[in-house]
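The chain below stands alone and is given in C-alpha coordinates; this is the form predicted alone.
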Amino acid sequence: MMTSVFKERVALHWQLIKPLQTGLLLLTGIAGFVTGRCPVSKFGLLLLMSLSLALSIAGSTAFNMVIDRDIDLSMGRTVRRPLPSGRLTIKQALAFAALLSSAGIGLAFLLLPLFGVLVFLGFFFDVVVYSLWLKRRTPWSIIWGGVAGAMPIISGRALALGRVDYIGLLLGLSILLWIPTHILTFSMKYYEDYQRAGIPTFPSTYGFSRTRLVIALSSLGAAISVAIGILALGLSWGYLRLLGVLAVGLLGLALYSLFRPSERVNFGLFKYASIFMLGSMLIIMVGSLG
(Lines give C-alpha, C1' and ligand atoms only; values in the text may rest on other atoms or scores of the structure.)
Protein backbone atom coordinates (compact mmCIF):
# COMPACT_ATOMS: atom_id res chain seq x y z
CA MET A 1 0.00 0.00 0.00
CA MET A 2 2.77 2.44 0.97
CA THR A 3 4.66 1.52 -2.20
CA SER A 4 1.69 2.38 -4.41
CA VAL A 5 1.19 5.71 -2.60
CA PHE A 6 4.87 6.53 -3.06
CA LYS A 7 4.72 5.69 -6.75
CA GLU A 8 1.65 7.88 -7.16
CA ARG A 9 3.39 10.80 -5.43
CA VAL A 10 6.44 10.41 -7.66
CA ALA A 11 4.25 10.34 -10.76
CA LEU A 12 2.39 13.48 -9.67
CA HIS A 13 5.60 15.40 -8.98
CA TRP A 14 7.02 14.12 -12.28
CA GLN A 15 4.07 15.73 -14.09
CA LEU A 16 4.90 19.08 -12.46
CA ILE A 17 8.22 19.35 -14.32
CA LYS A 18 6.89 18.60 -17.84
CA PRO A 19 9.71 16.09 -18.53
CA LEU A 20 9.69 16.38 -22.34
CA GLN A 21 9.99 20.17 -22.24
CA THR A 22 12.60 20.02 -19.49
CA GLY A 23 14.56 17.38 -21.39
CA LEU A 24 14.64 19.39 -24.61
CA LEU A 25 15.87 22.52 -22.83
CA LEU A 26 18.47 20.46 -20.98
CA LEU A 27 19.70 19.09 -24.30
CA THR A 28 20.27 22.64 -25.57
CA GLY A 29 22.44 23.33 -22.51
CA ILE A 30 24.47 20.18 -23.13
CA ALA A 31 24.87 21.19 -26.78
CA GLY A 32 26.14 24.60 -25.70
CA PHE A 33 28.72 22.99 -23.42
CA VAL A 34 29.89 20.53 -26.08
CA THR A 35 30.56 23.37 -28.53
CA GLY A 36 33.09 24.88 -26.12
CA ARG A 37 34.68 22.00 -24.26
CA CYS A 38 35.42 18.32 -24.88
CA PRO A 39 32.75 16.38 -22.96
CA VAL A 40 35.03 13.34 -22.61
CA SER A 41 37.88 15.12 -20.83
CA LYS A 42 35.45 17.18 -18.76
CA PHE A 43 32.80 14.54 -18.18
CA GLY A 44 32.49 15.34 -14.48
CA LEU A 45 31.86 19.01 -15.19
CA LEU A 46 29.35 18.10 -17.90
CA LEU A 47 27.52 15.81 -15.47
CA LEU A 48 27.32 18.49 -12.77
CA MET A 49 26.21 21.10 -15.29
CA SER A 50 23.48 18.78 -16.55
CA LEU A 51 22.29 18.19 -13.00
CA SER A 52 22.25 21.91 -12.28
CA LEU A 53 20.29 22.76 -15.42
CA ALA A 54 17.89 19.84 -15.00
CA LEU A 55 17.07 20.91 -11.43
CA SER A 56 16.70 24.62 -12.20
CA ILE A 57 14.61 24.08 -15.35
CA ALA A 58 12.39 21.55 -13.59
CA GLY A 59 12.04 23.86 -10.60
CA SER A 60 10.99 26.84 -12.69
CA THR A 61 8.48 24.65 -14.55
CA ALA A 62 7.00 23.48 -11.25
CA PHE A 63 6.72 27.10 -10.08
CA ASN A 64 4.88 27.91 -13.31
CA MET A 65 2.48 25.05 -12.61
CA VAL A 66 1.66 26.67 -9.27
CA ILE A 67 1.21 30.11 -10.81
CA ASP A 68 -0.97 28.80 -13.65
CA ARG A 69 -3.14 26.45 -11.60
CA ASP A 70 -6.27 28.59 -12.09
CA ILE A 71 -5.62 28.75 -15.83
CA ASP A 72 -5.19 24.96 -15.94
CA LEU A 73 -8.48 24.52 -14.09
CA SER A 74 -10.36 26.38 -16.84
CA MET A 75 -8.84 24.38 -19.71
CA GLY A 76 -10.08 20.97 -20.75
CA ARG A 77 -6.64 19.68 -21.69
CA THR A 78 -5.02 20.67 -18.36
CA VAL A 79 -7.79 20.26 -15.78
CA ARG A 80 -6.41 16.84 -14.73
CA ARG A 81 -2.96 18.15 -13.88
CA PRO A 82 -1.91 17.52 -10.26
CA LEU A 83 -2.75 20.98 -8.88
CA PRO A 84 -6.10 21.82 -10.52
CA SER A 85 -7.32 18.27 -9.87
CA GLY A 86 -6.42 18.60 -6.18
CA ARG A 87 -4.12 15.56 -6.16
CA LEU A 88 -1.26 17.76 -4.95
CA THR A 89 -1.56 20.75 -2.64
CA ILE A 90 -0.08 24.16 -3.38
CA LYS A 91 2.19 23.79 -0.36
CA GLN A 92 3.55 20.47 -1.63
CA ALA A 93 4.16 21.84 -5.13
CA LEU A 94 5.83 25.02 -3.84
CA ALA A 95 8.14 23.05 -1.57
CA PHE A 96 9.08 20.77 -4.47
CA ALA A 97 9.67 23.71 -6.84
CA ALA A 98 11.73 25.62 -4.26
CA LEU A 99 13.87 22.56 -3.49
CA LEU A 100 14.65 21.89 -7.15
CA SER A 101 15.29 25.53 -8.06
CA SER A 102 17.50 26.35 -5.09
CA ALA A 103 19.54 23.18 -5.56
CA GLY A 104 19.99 23.79 -9.30
CA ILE A 105 20.87 27.48 -9.02
CA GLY A 106 23.07 26.91 -5.97
CA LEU A 107 25.05 24.20 -7.77
CA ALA A 108 25.39 26.49 -10.79
CA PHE A 109 27.05 29.21 -8.67
CA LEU A 110 29.40 26.63 -7.16
CA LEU A 111 30.50 25.51 -10.63
CA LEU A 112 31.14 29.05 -11.92
CA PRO A 113 29.65 32.38 -10.78
CA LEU A 114 28.97 33.44 -14.38
CA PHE A 115 27.16 30.16 -15.00
CA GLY A 116 25.17 30.73 -11.84
CA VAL A 117 24.12 34.22 -12.92
CA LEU A 118 22.94 32.97 -16.30
CA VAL A 119 21.02 30.05 -14.81
CA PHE A 120 19.40 32.41 -12.31
CA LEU A 121 18.46 34.80 -15.12
CA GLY A 122 16.77 31.94 -16.97
CA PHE A 123 14.77 31.16 -13.83
CA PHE A 124 13.95 34.85 -13.22
CA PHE A 125 12.77 35.55 -16.78
CA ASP A 126 10.67 32.37 -16.85
CA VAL A 127 8.98 32.56 -13.46
CA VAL A 128 8.91 36.27 -12.59
CA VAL A 129 8.91 38.16 -15.89
CA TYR A 130 7.02 35.70 -18.09
CA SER A 131 4.62 33.86 -15.78
CA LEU A 132 3.99 36.27 -12.91
CA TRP A 133 4.19 39.60 -14.71
CA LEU A 134 3.39 39.38 -18.42
CA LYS A 135 1.59 36.15 -19.36
CA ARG A 136 -1.85 37.41 -18.34
CA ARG A 137 -1.25 40.92 -19.71
CA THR A 138 0.18 40.68 -23.21
CA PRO A 139 0.75 38.13 -25.99
CA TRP A 140 4.28 39.53 -26.29
CA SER A 141 5.14 37.70 -23.08
CA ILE A 142 6.39 34.87 -25.29
CA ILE A 143 9.46 36.97 -26.14
CA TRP A 144 10.53 36.91 -22.50
CA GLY A 145 9.64 33.25 -22.30
CA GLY A 146 11.96 32.86 -25.28
CA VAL A 147 14.76 34.66 -23.45
CA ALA A 148 14.37 32.19 -20.59
CA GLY A 149 14.42 29.30 -23.07
CA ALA A 150 17.65 30.62 -24.60
CA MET A 151 19.53 30.68 -21.30
CA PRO A 152 20.42 26.95 -21.05
CA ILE A 153 22.42 26.91 -24.29
CA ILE A 154 24.04 30.29 -23.54
CA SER A 155 24.94 29.21 -20.01
CA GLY A 156 26.22 25.81 -21.14
CA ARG A 157 28.67 27.37 -23.57
CA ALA A 158 29.61 30.05 -21.02
CA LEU A 159 30.51 27.34 -18.48
CA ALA A 160 32.70 25.62 -21.08
CA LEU A 161 34.51 28.82 -22.14
CA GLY A 162 34.37 30.87 -18.95
CA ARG A 163 32.70 33.74 -20.82
CA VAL A 164 29.70 34.66 -22.95
CA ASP A 165 30.59 34.97 -26.63
CA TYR A 166 28.76 35.82 -29.83
CA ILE A 167 28.38 32.17 -30.86
CA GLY A 168 26.58 31.39 -27.63
CA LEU A 169 24.32 34.39 -28.18
CA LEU A 170 23.65 33.29 -31.77
CA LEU A 171 22.64 29.82 -30.60
CA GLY A 172 20.50 31.41 -27.91
CA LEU A 173 18.85 33.58 -30.53
CA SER A 174 17.92 30.49 -32.51
CA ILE A 175 16.07 29.14 -29.44
CA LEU A 176 14.36 32.49 -28.85
CA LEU A 177 13.15 32.58 -32.47
CA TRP A 178 12.12 28.93 -32.42
CA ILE A 179 9.88 29.34 -29.38
CA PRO A 180 7.17 31.42 -31.18
CA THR A 181 6.78 28.60 -33.71
CA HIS A 182 6.32 26.16 -30.85
CA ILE A 183 4.01 28.31 -28.72
CA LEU A 184 1.92 30.08 -31.37
CA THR A 185 0.95 26.88 -33.16
CA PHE A 186 -0.13 25.56 -29.77
CA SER A 187 -2.16 28.68 -28.99
CA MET A 188 -4.00 28.31 -32.30
CA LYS A 189 -4.80 24.66 -31.66
CA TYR A 190 -6.19 25.44 -28.21
CA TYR A 191 -7.63 28.85 -29.06
CA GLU A 192 -10.92 28.26 -27.23
CA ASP A 193 -9.15 27.08 -24.08
CA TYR A 194 -7.04 30.23 -23.93
CA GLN A 195 -10.10 32.37 -24.56
CA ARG A 196 -11.94 30.78 -21.64
CA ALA A 197 -8.89 31.28 -19.43
CA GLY A 198 -8.63 34.95 -20.42
CA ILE A 199 -5.01 34.65 -21.58
CA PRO A 200 -4.07 37.10 -24.37
CA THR A 201 -2.51 35.26 -27.30
CA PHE A 202 -1.38 36.29 -30.77
CA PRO A 203 -4.38 34.60 -32.44
CA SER A 204 -6.88 36.37 -30.15
CA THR A 205 -5.09 39.74 -30.41
CA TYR A 206 -3.89 39.87 -34.02
CA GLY A 207 -5.84 37.12 -35.76
CA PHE A 208 -4.83 33.76 -37.21
CA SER A 209 -3.41 35.08 -40.48
CA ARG A 210 -0.92 37.41 -38.82
CA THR A 211 -0.03 34.73 -36.32
CA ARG A 212 0.83 32.34 -39.14
CA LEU A 213 3.00 35.03 -40.72
CA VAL A 214 4.86 35.50 -37.43
CA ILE A 215 5.36 31.73 -37.23
CA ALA A 216 6.82 31.64 -40.75
CA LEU A 217 9.18 34.55 -40.02
CA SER A 218 10.28 33.14 -36.67
CA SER A 219 10.92 29.73 -38.26
CA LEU A 220 13.08 31.36 -40.92
CA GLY A 221 14.94 33.35 -38.28
CA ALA A 222 15.56 30.27 -36.15
CA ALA A 223 16.94 28.34 -39.13
CA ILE A 224 19.23 31.21 -40.18
CA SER A 225 20.53 31.71 -36.62
CA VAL A 226 21.40 28.03 -36.23
CA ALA A 227 23.06 27.99 -39.67
CA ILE A 228 25.22 31.01 -38.83
CA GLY A 229 26.09 29.41 -35.50
CA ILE A 230 27.21 26.21 -37.26
CA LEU A 231 29.37 28.22 -39.66
CA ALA A 232 30.86 30.23 -36.79
CA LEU A 233 31.74 26.99 -34.98
CA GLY A 234 33.67 25.89 -38.06
CA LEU A 235 31.62 22.76 -38.63
CA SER A 236 31.84 21.14 -42.05
CA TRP A 237 29.36 21.86 -44.83
CA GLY A 238 27.95 18.37 -44.40
CA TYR A 239 26.40 19.37 -41.10
CA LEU A 240 25.06 22.54 -42.65
CA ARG A 241 23.40 20.46 -45.36
CA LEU A 242 21.78 18.25 -42.71
CA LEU A 243 20.46 21.37 -41.02
CA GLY A 244 19.20 22.54 -44.41
CA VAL A 245 17.11 19.39 -44.77
CA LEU A 246 15.54 19.99 -41.36
CA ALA A 247 15.01 23.67 -42.13
CA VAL A 248 13.27 22.93 -45.44
CA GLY A 249 10.75 20.82 -43.58
CA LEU A 250 10.16 23.51 -40.96
CA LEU A 251 9.83 26.37 -43.44
CA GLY A 252 7.77 24.25 -45.82
CA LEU A 253 5.22 23.46 -43.12
CA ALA A 254 5.20 27.08 -41.93
CA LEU A 255 4.53 28.37 -45.46
CA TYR A 256 1.94 25.68 -46.15
CA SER A 257 0.19 26.67 -42.94
CA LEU A 258 0.32 30.31 -44.03
CA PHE A 259 -1.25 29.76 -47.47
CA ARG A 260 -3.25 26.57 -46.92
CA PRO A 261 -4.17 26.71 -43.22
CA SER A 262 -5.72 23.73 -41.50
CA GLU A 263 -5.77 22.30 -38.00
CA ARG A 264 -3.88 19.23 -39.19
CA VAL A 265 -1.05 21.23 -40.76
CA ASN A 266 -0.88 23.50 -37.73
CA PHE A 267 -0.52 20.54 -35.37
CA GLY A 268 2.05 18.96 -37.68
CA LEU A 269 4.08 22.16 -37.56
CA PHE A 270 3.86 22.18 -33.75
CA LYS A 271 5.24 18.65 -33.59
CA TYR A 272 7.88 19.21 -36.26
CA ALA A 273 9.20 22.34 -34.53
CA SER A 274 10.38 20.15 -31.64
CA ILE A 275 11.94 17.67 -34.09
CA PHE A 276 13.74 20.56 -35.79
CA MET A 277 15.21 21.84 -32.54
CA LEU A 278 16.16 18.36 -31.35
CA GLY A 279 17.81 17.60 -34.69
CA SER A 280 19.64 20.94 -34.72
CA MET A 281 21.08 20.33 -31.25
CA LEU A 282 22.21 16.82 -32.20
CA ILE A 283 23.87 18.17 -35.37
CA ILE A 284 25.72 20.79 -33.33
CA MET A 285 26.83 18.23 -30.75
CA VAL A 286 28.00 15.60 -33.22
CA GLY A 287 29.70 18.23 -35.39
CA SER A 288 31.51 19.73 -32.40
CA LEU A 289 32.75 16.31 -31.32
CA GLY A 290 34.00 15.57 -34.79
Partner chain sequence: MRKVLEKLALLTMAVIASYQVAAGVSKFSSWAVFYYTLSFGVLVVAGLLLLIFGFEILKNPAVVIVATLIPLGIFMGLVYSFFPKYHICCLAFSILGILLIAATRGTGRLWKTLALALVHGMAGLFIFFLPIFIYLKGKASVKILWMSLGAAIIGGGGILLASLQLKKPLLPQRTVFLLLPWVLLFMVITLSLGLDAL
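Positions refer to the first chain, counted from 1. This structure is a prediction, so every number in the text was calculated from the model and none was measured.
The same protein also has a form predicted together with its partner chain, omitted here; what follows describes it.
A.B. asks: Between 62, 253, 230, 223, only one gets a heavy atom within 4.5 angstroms of its partner chain in the predicted complex; which residue is that?
C.D. replies: Selected residue: 253.
A.B. asks: Quick one: find which of 44-52, 65-73, 23-31, 258-266 has residues within 4.5 Å of its partner chain in the predicted complex by heavy atom distance.
C.D. replies: Comparing against its partner chain in the predicted complex, the contact stretch is 258-266.
A.B. asks: Looking at the partner-bound form in the predicted complex, is residue 9 within 4.5 Å of its partner chain by any heavy atom?
C.D. replies: Answer no; every heavy atom of residue 9 is more than 4.5 Å from its partner chain in the predicted complex.
A.B. asks: Using 4.5 Å between non-hydrogen atoms, is residue 246 touching its partner chain in the predicted complex?
C.D. replies: Residue-level check for residue 246: yes, a contact with its partner chain.
A.B. asks: Would residue 235 count as a contact of its partner chain in the predicted complex, using a 4.5 angstroms cut-off between non-hydrogen atoms?
C.D. replies: No, no contact at 4.5 Å.
A.B. asks: Check 241, 272 and 275: does every one of them have a heavy atom within 4.5 Å of its partner chain in the predicted complex?
C.D. replies: Affirmative, all three are within 4.5 Å.
A.B. asks: Taking its partner chain in the predicted complex, which residues of 8-22 have any heavy atom within 4.5 Å of it?
C.D. replies: The stretch 8-22, when checked against its partner chain in the predicted complex, contributes no residue at the 4.5 Å heavy-atom cut-off.
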